[in-house]
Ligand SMILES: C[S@@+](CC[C@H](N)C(=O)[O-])C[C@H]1O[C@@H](n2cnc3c(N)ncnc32)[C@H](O)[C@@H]1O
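Take a look at this single chain, the form predicted alone, given in structure tokens.
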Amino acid sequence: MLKKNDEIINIVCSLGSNGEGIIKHEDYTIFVPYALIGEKIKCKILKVDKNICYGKLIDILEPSKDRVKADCPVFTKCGGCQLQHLKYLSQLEYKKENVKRTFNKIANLNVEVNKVVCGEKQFRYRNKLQLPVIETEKGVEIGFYAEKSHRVIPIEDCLINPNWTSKIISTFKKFFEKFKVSAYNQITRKGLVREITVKEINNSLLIVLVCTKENVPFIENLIDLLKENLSLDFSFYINVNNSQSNVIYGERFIHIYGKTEYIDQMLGVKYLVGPQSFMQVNKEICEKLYSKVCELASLKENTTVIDAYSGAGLMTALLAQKSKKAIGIEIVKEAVDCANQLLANNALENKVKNYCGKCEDLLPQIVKEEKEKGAEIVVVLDPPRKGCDIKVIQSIIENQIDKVVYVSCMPSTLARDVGLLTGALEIKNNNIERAINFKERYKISAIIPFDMFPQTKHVETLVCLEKVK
């Protein structure tokens, strides 16, 4: 019988959904981060929960041929990357198999998964940086959170973020040390600076310093330091967040220096980027993903495409270019305002209508109205990680939507929702269960993973479903 602090030697048989190695030992399944398939390892048991154990890698007795040396000095400590020790081609294969396995496990669907779409960059691909700042006994520390914690791991650089990352960190550290500016302490609730965020847009940086109050001492000196150390143009904002929550931004943004917003474009659609704007972290892969969404939607002159969970409206605008009409549904008012501005900037006001509200409330009525007009309807779903509300799924099924294109960053909720749409899963007594001898409602015509986040466990997946006639 295994217990905490036991050490065992065994061979890793598979990888889990978080990229961790899995060992079968007696009647136990043991999860060991940073171990690879086929490796003979020694691990220490940290936690036992019935027949499930969580272990720590102590030694690699026989390494995998797929193991590579991780160049990041804080790999395994920082919570950002889980797969730097795995060859990149093997990372892609793992993500493909993880999607396939998840569909089988959750939805009881044996699916064909396309090869993972990847980009040119395996490192330095991100265009967005978020750095928590904390006060410690050693002074102010800048870094990333350790996985599943609020403990900050100090860093000097990050290999999946751009080359300017080290300059940003060193410049702010110099500022905090020289001018004795304090950082926020989550326990005492005292201190000034909480977070540094940076976005890169067209070789310019949009920097936000998140603080507990508006007045930051020596702010002119900080701007001078940034001018001296950064080779790129930049804008600078202060965001005021004095809440006790873990939300990064407060409501107030104060412009200090540089442009107030930037214009970028994707696949011919221009969009504004400001301090609050959402940006996909990997623009190259995002372009490939959005292009494929438009292709699979097979839009025609009589098609009304409904972009559920439409955000700031970029996808809606792209879909509008090849359809009769596009409709966006988004619950966040600020995002809808941005979407409407985007329409004006691209002369699409006559082809797009944006609604503000819950998708589950608005979708049924919108679908009914468009059906009455005789339109062929395509629904594009890009929900948050928790997936779609069940009312959205039911509305699609009841109205027999012709085609559904679903984008997700969470394979488990994607598999659940696709299972419900196809009929492989059903709801009984408010529980989701596997259906027995189900009649297929929607046929899966494509499952395509996109490697939006190399070196991490995360994968973006695109699924196309067509109504069975």
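We number the residues from 1 along the sequence you see. In this text, all values refer to a predicted model and were calculated from it rather than measured experimentally.
The next section is about a form of this same protein that is not shown, the form predicted in complex with the ligand.
*Asks:* Where does the ligand sit in the predicted bound form: which of 74 to 82, 112 to 120, 380 to 388, 178 to 186, heavy atoms within 4.5 Å?
*Replies:* In the other structure, the partner sits against 380 to 388.
*Asks:* Looking at L205, C359, V193, V352, which is the one with a non-hydrogen atom within 4.5 Å of the ligand in the predicted bound form?
*Replies:* Exactly one residue meets the criterion: C359.
*Asks:* Looking at W164, Y290, Y125, Y94 here, can you tell me which has any non-hydrogen atom within 4.5 angstroms of the ligand in the predicted bound form?
*Replies:* Answer to the contact question: Y290.
*Asks:* Using a 4.5 angstroms cut-off on non-hydrogen atoms, would V99 count as touching the ligand in the predicted bound form?
*Replies:* Result no; V99 lies far from the ligand in the predicted bound form.
*Asks:* Since only the chain is shown here, I'm wondering whether G311 would be in contact with the ligand in the predicted bound form (any heavy atom pair within 4.5 Å).
*Replies:* Result yes; G311 sits at the interface with the ligand in the predicted bound form.
*Asks:* Quick check on F278: any heavy atom within 4.5 Å of the ligand in the predicted bound form?
*Replies:* Flag for F278 set to yes.
*Asks:* Heavy atoms within 4.5 Å of the ligand in the predicted bound form: does I248 have any?
*Replies:* No, I248 is distant from the partner.
*Asks:* Taking only heavy atoms into account, state which residues of 310 to 340 are within 4.5 Å of the ligand in the predicted bound form, ordered by sequence.
*Replies:* S310, G311, M315, I329, E330, I331, V332, in sequence order.
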